[in-house]
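Take a look at this single chain in structure tokens; it is the form predicted alone.
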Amino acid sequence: MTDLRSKLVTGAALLSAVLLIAMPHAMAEGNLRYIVEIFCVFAFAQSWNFLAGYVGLMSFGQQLFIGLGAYFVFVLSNRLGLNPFWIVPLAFVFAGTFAALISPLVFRLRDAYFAISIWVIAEIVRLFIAQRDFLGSVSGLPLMATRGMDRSLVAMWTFYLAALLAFLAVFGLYYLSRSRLGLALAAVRDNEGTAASIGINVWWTRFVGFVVGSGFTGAAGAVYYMSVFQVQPGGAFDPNWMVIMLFIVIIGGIGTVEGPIIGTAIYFLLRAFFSGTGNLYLMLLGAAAIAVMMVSAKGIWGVFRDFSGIDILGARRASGFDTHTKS
């Protein structure tokens, strides 16, 4: 059964890759831009899901890495005249390096203190950027390099970058969860003492997970703001990004690959219907998340999986969120 499932997942990955490569040649530019937004928001949510559900780190400040990744690409491209599409992998490195640098500080804190500390750092970075003229101050920065490029090519390559992020957020996470690192992350998340007793370096394992998850968020942030050609500190470091991530992951199912896919679809459906209602729209998101949590903290996919016995990607392991719901 395991071999069959692995073959099915590999086949699904190949089919998805072919479809994603073909999509820009069969869709209008406006539709591509909308799909880029969907893919990037999904990547944001999946990166937070990875940290919370697989690494066991609850952060309320992942907008920090969205902003860092975006500003890194914009500043480097504008200052050096480089093609921003080639810089995106470096945004992963930059955001991951920043996460590595703050790790010795924030890892001293646990639970709610850790979660809030990342949010505090995000606010400090936002204020720093907003007060620096060479970073665009509160007005932000435009992406100069794309002004001389063909718009259709810009749309196509932005789509490919976003599609790659979405592809990795599904199949990359699936294979990572089954690697030695994934098993070590699961062990540390579930019980640090037991993990340490079998020879796992708890601090280092958590450190690697934090760096990888934050770096991925940074790359996704770069692609998202490249798609709108402008980045501002108030938008890139907006705490509402965390609200969206939390909603998508909680309603879909934390600690699952499939959950954020469902949560992202529901988020964009709700936004399409209620985005014009202002604050009521945010209240509806919160109400929907609370309703799902009251039924089951496992989320929609968790309930479906338990009821049907279907576990498509099979990458999920029980987490601390589930132990509170078991009788």
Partner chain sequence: MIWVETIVNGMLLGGLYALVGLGLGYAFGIMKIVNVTQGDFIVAAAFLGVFLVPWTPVHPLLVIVPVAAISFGVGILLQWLLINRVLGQDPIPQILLTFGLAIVLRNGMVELYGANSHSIDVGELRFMGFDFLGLRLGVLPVVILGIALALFAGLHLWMRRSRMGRIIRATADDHQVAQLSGINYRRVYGIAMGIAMALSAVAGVLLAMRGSFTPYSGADRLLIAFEVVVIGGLGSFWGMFAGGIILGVTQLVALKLDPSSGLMWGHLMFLLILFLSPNGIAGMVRR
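Numbering follows the first chain given and starts at 1. No experiment lies behind these values; they were computed from the predicted model shown.
Beyond the structure shown, there is the form predicted in complex with the partner chain, which is absent from this document and is the topic of what follows.
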| query | finding |
| --- | --- |
| Contact at 108, 116 and 127 by the partner chain in the model of the complex, all three, heavy atom at most 4.5 Å | yes |
| Listed range touching the partner chain, judged in the model of the complex by heavy atoms within 4.5 Å, from 164-172, 89-97, 197-205, 119-127 | 119-127 |
| Interface membership of residue 277, the partner chain in the model of the complex, 4.5 Å heavy atom rule | yes |
| The partner chain contact at residue 268 in the model of the complex, heavy atom, 4.5 Å | no |
| 4.5 angstroms heavy atom contact with the partner chain in the model of the complex for residue 80 | no |
| Residue 27, heavy atom within 4.5 angstroms of the partner chain in the model of the complex | no |
| Heavy atom within 4.5 Å of the partner chain in the model of the complex - residue from 153, 243, 138, 144 | 243 |
| Position in contact with the partner chain when the complex is considered in the model of the complex, options 223, 257, 231, 250, heavy atoms within 4.5 Å | 250 |
